[in-house]
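In structure tokens, the next block holds one chain alone, the form predicted alone.
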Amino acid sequence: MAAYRCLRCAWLLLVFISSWYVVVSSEETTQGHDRVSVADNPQTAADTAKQPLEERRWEATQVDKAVPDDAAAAAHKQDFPVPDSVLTPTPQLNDEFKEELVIRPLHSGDIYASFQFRTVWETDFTRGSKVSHYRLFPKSLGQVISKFSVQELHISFTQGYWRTMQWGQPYHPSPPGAELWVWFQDTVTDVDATWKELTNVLSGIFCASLNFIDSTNTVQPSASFKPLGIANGTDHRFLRYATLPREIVCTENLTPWKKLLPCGSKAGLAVLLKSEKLFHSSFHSQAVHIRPVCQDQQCKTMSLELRQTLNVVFDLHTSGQGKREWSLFKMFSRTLTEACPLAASSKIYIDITDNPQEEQFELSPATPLLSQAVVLGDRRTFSVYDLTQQVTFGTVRSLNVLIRWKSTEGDMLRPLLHAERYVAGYGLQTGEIHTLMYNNHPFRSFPVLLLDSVPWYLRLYIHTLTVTSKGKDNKPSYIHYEPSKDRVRPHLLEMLVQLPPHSVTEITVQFERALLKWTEYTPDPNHGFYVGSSVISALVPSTVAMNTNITEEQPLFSTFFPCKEESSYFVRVYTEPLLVNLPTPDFSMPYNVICLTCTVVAVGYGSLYNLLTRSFQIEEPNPGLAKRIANIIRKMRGVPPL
């Protein structure tokens, strides 16, 4: 046993000596190579010895690029091994973020506030390049665009209906409920499958019911919803459009929307987005728009634009104030203390076009900055508060813009185009849809493009379609109609109609209500079924020359829709959603049947079971009063009872 232990120790000693010899030999070889490199270039070696390790490695990379000979470069890289993480420089981030708030006092005493957040990133997802570093652009949306090959994406969540005749035209129109329309790149092979997967992903991002979008409420327009950004082609096979008119907008939709901002809701204009104030309003709409845009007039460089908008209208009466006085604190319960540190521009615009001499309302604190912009075919004047300037906040380090009304007089300019829609008829078998389009221009006519998507359970009689203007037939110059398939796809109707000046154009079509299966009814079927809004797109004549320069510095709220002509501007109008009653069975009948059956079982079978299982016993009659008294006396005497 002792000999075996000695032999084992000898083997371990031999292995240790061999390992030490190999290490010493490798170090001598490395030092020899280093001496040869220093001898070849002694000045570089001396300078390099004075520099830190990281600078030495970066300098070695620059020398490699300067050497023209590939063999010499390869040998030099062997002498100076540099990791890839050190060689890869930090990518140049060409992104920019701007934020704006536009406040427009309305003649009804209400106030309209529109938030604009714009992030421009100089990158191109269409070339198939993968981006892994994000700074201002939200990574969740960037991955969605890259994975699903999205060219343009427009999504909105709206609570309430925009009253055009009382409030005028909005900066960013949207229908009640949820709206989603997407342009895919031409590299997508199966658009329907990609569309379905995209809606499920967006449903998770925005915490909404977009997963209910399927083929029964999705259409493929042929003329409407042209790309708002750069487009290589307009093949409508890569376009999908869907609405959910019954979607309820809540705080759970606003929270993920705010998280997409570079500063979140911690700084800048986003601190005003308080949910309990925003949802206590007459109208609330939040949207996300993603599109490719040009950086210069020649469009040599393309960028990706993310525009987040939020529009809200505060009612004078629901606010509980009782007087026409507004301020940031009364509207949002907060004031502004600083701009977003990541924002290149942060401004507040107050529309004072109808108040040049402060005759209608007074603005406090006053600002010397004024700006003019052409918005919706009209030249508007704005008072500007620049939040990037410390003088804007004053000595109290807080900004609370106050609007105090002096007079209620003044007329609002009627919008040149607006529309209405309603359902006529009686009973639950047939009906008629009426769409009214108003052209309020005194002497100009212009064409409008109408898109109407009707669910399959309203079976349209397209031969009853009529278009009348001023009591005469108005034949559309273009009609595109796709009939529905039960439980597969909805109706799609597109028309190009010329609206005469100062006229009302009425479009009517009859329909028949279908009888659904009992599993297809909603939990509250007697409430009715919603039909999405009609979409009207038009180039409306402008009273002033429109600005067609896309690269000129302009406010964000005036550059959403591209303008290619100076004499007209683009307008998109949405009608009211329809609420239609369908033939509904008596869903209380199962309940009645269950109650009746249970009653029969309880009364009939219960009585029979009671008779069969009950045991009968003969009870003696109760003794009389005299006998009971006698028994008591006998008990007291100790005598047995009678």
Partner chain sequence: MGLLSDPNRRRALISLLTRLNAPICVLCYFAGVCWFMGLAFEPFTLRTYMSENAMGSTMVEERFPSGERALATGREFAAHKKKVGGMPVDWLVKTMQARGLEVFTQSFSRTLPFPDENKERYIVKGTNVYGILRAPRAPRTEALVLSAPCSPGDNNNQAVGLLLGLAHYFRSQIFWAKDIIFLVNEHDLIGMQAWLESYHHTNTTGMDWSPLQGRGGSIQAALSLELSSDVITSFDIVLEGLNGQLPNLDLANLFYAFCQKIGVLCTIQGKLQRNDWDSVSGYSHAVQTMMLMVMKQASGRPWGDHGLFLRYHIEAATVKGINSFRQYKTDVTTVGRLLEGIFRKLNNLLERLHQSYFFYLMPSLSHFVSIGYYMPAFGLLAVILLLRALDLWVQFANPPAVTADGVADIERQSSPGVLSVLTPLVISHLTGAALYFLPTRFQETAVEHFPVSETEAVVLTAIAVYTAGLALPHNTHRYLLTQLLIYDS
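Please read all numbers here as calculations on a predicted model, not as lab measurements. Note that the rigid core is defined as the largest set of C-alphas that superpose within 1.5 Å between two forms. Positions refer to the first chain, counted from 1.
Just so you know, the form predicted together with the partner chain exists too; it's not on screen, but the next bit is about it.
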For the three residues R163, E506 and L579, which mark the spot I'm curious about, does each lie within 4.5 Å of the partner chain in the model of the complex through at least one heavy atom? yes
With the partner chain left out of view, choose which of G264, G425, P483, P447 has a non-hydrogen atom within 4.5 angstroms of it in the model of the complex. G425
Listed residue (F329, F279, Y521, F561) with a non-hydrogen atom within 4.5 angstroms of the partner chain in the model of the complex: F279
Exercise: F393 in contact with the partner chain in the model of the complex, heavy atom 4.5 Å: no
I'd like to check something about R379: if you look in the model of the complex, is any of its heavy atoms closer than or equal to 4.5 Å to a heavy atom of the partner chain? no
Taking the partner chain as it sits in the model of the complex, is F283 in contact with it (heavy atom to heavy atom, 4.5 Å or less)? yes
Contact test in the model of the complex: S607 vs the partner chain, heavy atoms, 4.5 Å: yes
Heavy atom contact within 4.5 Å of the partner chain in the model of the complex, the stretch among 493-501, 381-389, 525-533, 200-208: 525-533
Within 169-191, which residues come within 4.5 Å of the partner chain in the model of the complex, counting heavy atoms only? P176
On a rigid core superposition, would P583 pass a 2 Å threshold for CA movement between the shown form and the other one? no
